[in-house]
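First, one chain by itself: the form predicted on its own, in structure tokens.
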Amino acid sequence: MKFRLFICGENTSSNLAVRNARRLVQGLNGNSHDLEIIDVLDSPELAEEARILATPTLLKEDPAPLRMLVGDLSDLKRVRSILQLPAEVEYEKNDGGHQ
């Protein structure tokens, strides 16, 4: 899967979106997930090309169809649903004998 996250500079909103996007990608099955982070202050042409009007914006480009989500991505369950992604990978928990 290919994702592009558009942010605007170093600020709380951008930092939160980057952290949440990384959590999202890490929670997906498989190894072939690409997250590109684009600062629109450094690369305004990329934002214009992608028709980004607000930041932070996450694009899921591949596989099609293209999906776009604006915001800090805090609610990962909602983000997965909107982007039509599978549920988060469930890891086995070793928490001292809870069954």
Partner chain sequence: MTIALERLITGIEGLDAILEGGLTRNRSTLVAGTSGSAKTVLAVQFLAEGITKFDEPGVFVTLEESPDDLRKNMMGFGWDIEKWEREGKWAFVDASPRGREQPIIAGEFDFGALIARVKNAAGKVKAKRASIDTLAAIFLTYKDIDIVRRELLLLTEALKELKITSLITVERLHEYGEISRFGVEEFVTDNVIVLRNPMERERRRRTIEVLKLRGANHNKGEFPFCVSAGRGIAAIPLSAIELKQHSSNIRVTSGNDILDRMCNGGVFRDSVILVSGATGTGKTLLSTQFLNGGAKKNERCLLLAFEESREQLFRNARGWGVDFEGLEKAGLLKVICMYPEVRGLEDHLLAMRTAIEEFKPQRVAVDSLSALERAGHPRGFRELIIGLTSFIKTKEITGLFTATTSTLVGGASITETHISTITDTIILLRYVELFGEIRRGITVLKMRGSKHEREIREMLIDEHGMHIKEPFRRLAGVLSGNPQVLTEPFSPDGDSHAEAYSADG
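On a predicted model such as this, the values are computed, not experimentally measured, just so you know. Positions refer to the first chain, counted from 1.
What comes next is about the form predicted together with its partner chain, which does not appear here.
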Item to check | Any non-hydrogen atom of Ser13 within 4.5 angstroms of its partner chain in the predicted bound form | outcome: yes
Checklist entry - Looking at the partner-bound form in the predicted bound form, is Val18 within 4.5 Å of its partner chain by any heavy atom? => result no
Next on the checklist: Although the partner isn't part of this model, could you tell me whether Val70 comes within 4.5 Å of its partner chain in the predicted bound form, counting any heavy atom of the residue?
Outcome noted: yes
Next on the checklist: Under a 4.5 Å heavy atom criterion, is Ala50 part of the interface with its partner chain in the predicted bound form?
Outcome noted: yes
Item to check | Triplet Cys8, Leu41 and Glu45 all within 4.5 Å of its partner chain in the predicted bound form via a heavy atom | outcome: yes
